[in-house]
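So this first bit is one chain, no partners, the form predicted on its own, shown in structure tokens.
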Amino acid sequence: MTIFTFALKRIFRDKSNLASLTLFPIAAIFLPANDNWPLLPYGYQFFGVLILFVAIRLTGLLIDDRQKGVVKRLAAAPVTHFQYLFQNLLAFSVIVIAQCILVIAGGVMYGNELYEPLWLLVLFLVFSFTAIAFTLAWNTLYRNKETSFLIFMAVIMIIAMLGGLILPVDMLPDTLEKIAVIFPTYWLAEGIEWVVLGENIGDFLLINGVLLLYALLFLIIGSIRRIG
């Protein structure tokens, strides 16, 4: 697991990552709640935006590897592209899993009303895997990490707004409301609503199933195109 260990070291070596990986999730715990909307405290409603932000930062390391010729040199090394990609994605997943656990556990200890903390944790974990796969596929479109990151920041705001994380979907025009269902953020917002109001476990399984299908699709796209 040399690549896995090296990936973790690279992540924490960059001091700019420390804020997004530690301070921002901790800050999310202490954001207040609202009486009407969102249903959960603001930090948990907007946590999906933070997950997407962290995911693009993490998977951007693969663009660095491409620019430095690391991926091309794999052909002459006893490491397959699958091993390289799997161990990097495993390292990224460990980071976001730790973040999700921190936010949920911290919220419970702080006394936030999370309704069903365990199911909320499951939802955040599944969305995190989707976000990593999504940004993996996204980064295959770019040769420069900064360009990819800046454009994706705009994309995050758009899909967060249309998906129901920044404002309720029913406030959107009918056309945009119908389009919203194609975004993973929509299903995260639906999952949050289920955690607060839902009763049928089948609905929750459907929501997570859709997110996992997105994750699989993006992972296939990102793996086939390769960042190299």
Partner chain sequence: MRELYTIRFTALRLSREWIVLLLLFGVPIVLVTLFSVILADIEYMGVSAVDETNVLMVLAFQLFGGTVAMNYIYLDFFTERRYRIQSLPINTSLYGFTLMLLGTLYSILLGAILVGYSTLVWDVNWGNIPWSIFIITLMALLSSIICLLLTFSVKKFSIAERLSEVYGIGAILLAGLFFPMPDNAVINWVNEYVNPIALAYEAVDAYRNANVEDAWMNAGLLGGLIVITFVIMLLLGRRRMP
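Just so it is clear, the structure is predicted and the values come from calculations on it, not from any experiment. Numbering follows the first chain given and starts at 1.
The same protein has a further form, the form predicted together with the partner chain, not shown here; the description that follows concerns it.
Across the proposed site, Ile151, Met157 and Leu172 without exception bring a heavy atom within 4.5 Å of the partner chain in the predicted bound form. When contacts are judged by a 4.5 Å heavy atom cut-off, Ile26 does not count as touching the partner chain in the predicted bound form. Although the partner is absent here, Leu162 sits close enough that one of its heavy atoms falls within 4.5 Å of the partner chain in the predicted bound form. Interface membership of Arg66, defined by any non-hydrogen atom within 4.5 Å of the partner chain in the predicted bound form, is ruled out.
By the criterion of a heavy atom within 4.5 Å, Pro32 is counted among the residues contacting the partner chain in the predicted bound form. The chain is drawn here without the partner chain; in the predicted bound form, the stretch among 58-66, 192-200, 41-49, 178-186 whose residues come within 4.5 Å of it by any heavy atom is 41-49.
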